[in-house]
Ligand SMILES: Cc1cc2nc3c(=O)[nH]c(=O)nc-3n(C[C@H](O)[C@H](O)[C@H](O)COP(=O)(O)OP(=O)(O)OC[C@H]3O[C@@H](n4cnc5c(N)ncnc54)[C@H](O)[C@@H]3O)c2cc1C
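There is one chain below, alone, in structure tokens, taken in the form predicted alone.
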Amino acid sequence: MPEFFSAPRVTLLAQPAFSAPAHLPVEWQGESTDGERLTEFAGRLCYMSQHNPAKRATRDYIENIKKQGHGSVLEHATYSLLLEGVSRSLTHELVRHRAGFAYSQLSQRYVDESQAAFVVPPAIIGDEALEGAWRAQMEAAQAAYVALVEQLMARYGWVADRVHRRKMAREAARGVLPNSTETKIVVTANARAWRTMLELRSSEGAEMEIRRAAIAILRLLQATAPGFFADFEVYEAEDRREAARISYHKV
């Protein structure tokens, strides 16, 4: 029996480590993370205001940047996340976000999907009949994949390199796997790019699965760097699912 995911798994892999230059000391105020301080340092360098004349806390400084729409300095802080328990349908949408993003995704050409997991579409969760019919289709698709790989390995028996032969078989057999097949992807983006993606994908108009993932990502980033993401508010939308709205658009 394959594994079925009904929620994404989001893991923080990397975040900024800021080394303040001794010859340009900033008069830091308040609690902050390295990514937030990096952004403040970059912003203050533009005006050589390291002495912090307003005695403003780092997160207040970033709040003012968001309010003014001067988001370019947010691009210095990057965050890398591992997404699991998401479908290939979701990643097809996610990778449309290009500016400020980098992606590395599991390859179905090389990875054996005979033990693939599947992501339950949010729309059918809780409906026993719908979910049962859907699961039966996923199991049938996986069985078809396994059979095809075996048959294609035999068909390409003349290929001496077994690794290459296996790749040829898997890349052809993957055609029977559905969009709901679970995948894993490493995503790196700067804070400004994350904000844009989250504004679009956590909204009520977003597709259900990517919206669910966006909310999970938002919560992780809010805990990691609140100065960048605290102006997002999670709420229950009219469809009884979580969505988020933002205070400062297109920073």
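Start at 1 with the first residue shown and count on from there. Since the structure is predicted, the reported quantities are computational estimates derived from the model, not experimental observations.
The same protein has a further form, the form predicted in complex with the ligand, not shown here; the description that follows concerns it.
Taking non-hydrogen atoms only, residue 205 approaches the ligand to within 4.5 angstroms in the predicted bound form. Mapping the unseen interface onto this chain, residue 99 counts among the residues with a heavy atom inside 4.5 Å of the ligand in the predicted bound form. The ligand is not shown here, and in the predicted bound form it never comes within 4.5 Å of any heavy atom of residue 66.
Contact between residue 37 and the ligand in the predicted bound form is not found at the 4.5 Å heavy atom cutoff. This chain is displayed alone, yet in the predicted bound form one of 186, 220, 42, 200 has a heavy atom within 4.5 Å of the ligand; that residue is 200. Contact with the ligand, judged by heavy atoms within 4.5 Å in the predicted bound form, is confined among 42-50, 27-35, 205-213, 56-64 to 205-213. Taking the ligand as it sits in the predicted bound form, the stretch 219-251 comes within 4.5 angstroms of it through a non-hydrogen atom at just one residue, 250.
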